[in-house]
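The data below hold one chain only, encoded as structure tokens and taken in the form predicted alone.
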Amino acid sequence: MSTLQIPSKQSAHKLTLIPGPIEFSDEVLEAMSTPSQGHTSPEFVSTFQSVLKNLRTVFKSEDPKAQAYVLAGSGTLGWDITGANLVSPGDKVLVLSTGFFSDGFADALKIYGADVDVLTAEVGDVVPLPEIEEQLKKEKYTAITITHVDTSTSVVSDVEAVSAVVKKASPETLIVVDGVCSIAVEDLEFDKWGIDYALTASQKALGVPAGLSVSFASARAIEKATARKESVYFASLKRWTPIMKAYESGSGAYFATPAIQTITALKVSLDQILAQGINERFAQHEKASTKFKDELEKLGLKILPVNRKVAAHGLSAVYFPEGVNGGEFIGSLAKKGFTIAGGIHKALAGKYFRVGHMGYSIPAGHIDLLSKAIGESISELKQ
């Protein structure tokens, strides 16, 4: 196994270029070794306050009645928060499916008793807007879920356009966005587009080790969660909202102990993201994504999305080279020092691979190195 020497304080290691966890900056990893602090200490309160305020910029919200949440957990916890706070047993929910994770969200909501309808896109594409509008006019839905980027297919949905359709056809329906693989790499205008709840996780484009469920709720969503009869303890927005508001105002509070070191690392990463500028970051990722996909095309490879318009900027799902065994291809790249991911969409099992190109790996030049290695592996395996 090869390791790559990248100018860094980190020891030489295989580069993890999957759609999360991603590679992390030296400063973020150093923050993970922060000595123990009390969760209501002045030092940590200041850190958490900064995180919650900066998340408003990332989610593009200036509404003081909306609220950011940072809880110990994975991105999947956001599904549970949705099911336990924003819908009640028997409520109808419309799920727009663009892949494996969209379907997972639907399954999670069913556990909480939601009556779920799923509109499934053709593999590699998005659900057509007229189809969404027609369904919203047929049924009264408490909520609709949009997977901004489904990590299984690398398809990106047009949240702005879908939200506009919802506002027109069914304005009372809550708009929930699964942004696990999109927040901090794809644009999301929380206030402007009328989003009610958006969820993500620390280990993707936010650039922090796994362990944090990060989300943002509108005043309408908070009101609904507060009025709903509690059916869950840890994932209760009714319990967490006053805690988050206290920390954001500069006061310590307690419901359950926060992940102090990981939140400290999140502060460092958010400082880095916002120092660049959130819109500049989006443009940087779009440029890097276009370059990588262009290189793949030159090598004769085809992306899974039906066209570039619906292809995400933080990862690429790509069909294996013709005449090359998929397992051998991934293994060849591993020997060259790169970890990439196989495909997980059940309809295309064993037919494609996935590459994450987000966060620290963009300025560090990791994707250019991978592009070269992919070309070398194809040539070697076709001999």
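Since we're looking at a predicted model, the values are computed, not measured. Don't overthink the numbering: it's just position in the shown sequence, from 1.
Here the subject shifts to the form predicted together with a further copy of the same chain, a form of this protein not shown in this document.
Only one of 120-128, 270-278, 290-298, 229-237 lies within 4.5 Å of a further copy of the same chain in the predicted complex by heavy atoms, and it is 229-237. The candidate site formed by 13, 43 and 101 is fully in contact with a further copy of the same chain in the predicted complex, as each residue has a non-hydrogen atom within 4.5 angstroms of it. Only one of the listed residues (80, 91, 187, 248) places a non-hydrogen atom within 4.5 angstroms of a further copy of the same chain in the predicted complex, and that residue is 80. Between the options 170, 203, 241, 142, the residue in contact with a further copy of the same chain in the predicted complex by a heavy atom within 4.5 angstroms is 203. Not displayed here, a further copy of the same chain is kept clear of residue 311 by more than 4.5 Å at the level of heavy atoms in the predicted complex. Contact annotation: residue 336 falls outside 4.5 Å of a further copy of the same chain in the predicted complex, judged by heavy atom distances.
None of the heavy atoms of residue 373 is located within 4.5 Å of a further copy of the same chain in the predicted complex.
Contact between residue 327 and a further copy of the same chain in the predicted complex is not found at the 4.5 Å heavy atom cutoff. Residues of 237-268 lying near a further copy of the same chain in the predicted complex, listed in sequence order, are 239, 254, 255, 256, 257, 258, 259, 260, 261, 262, the criterion being any heavy atom within 4.5 Å.
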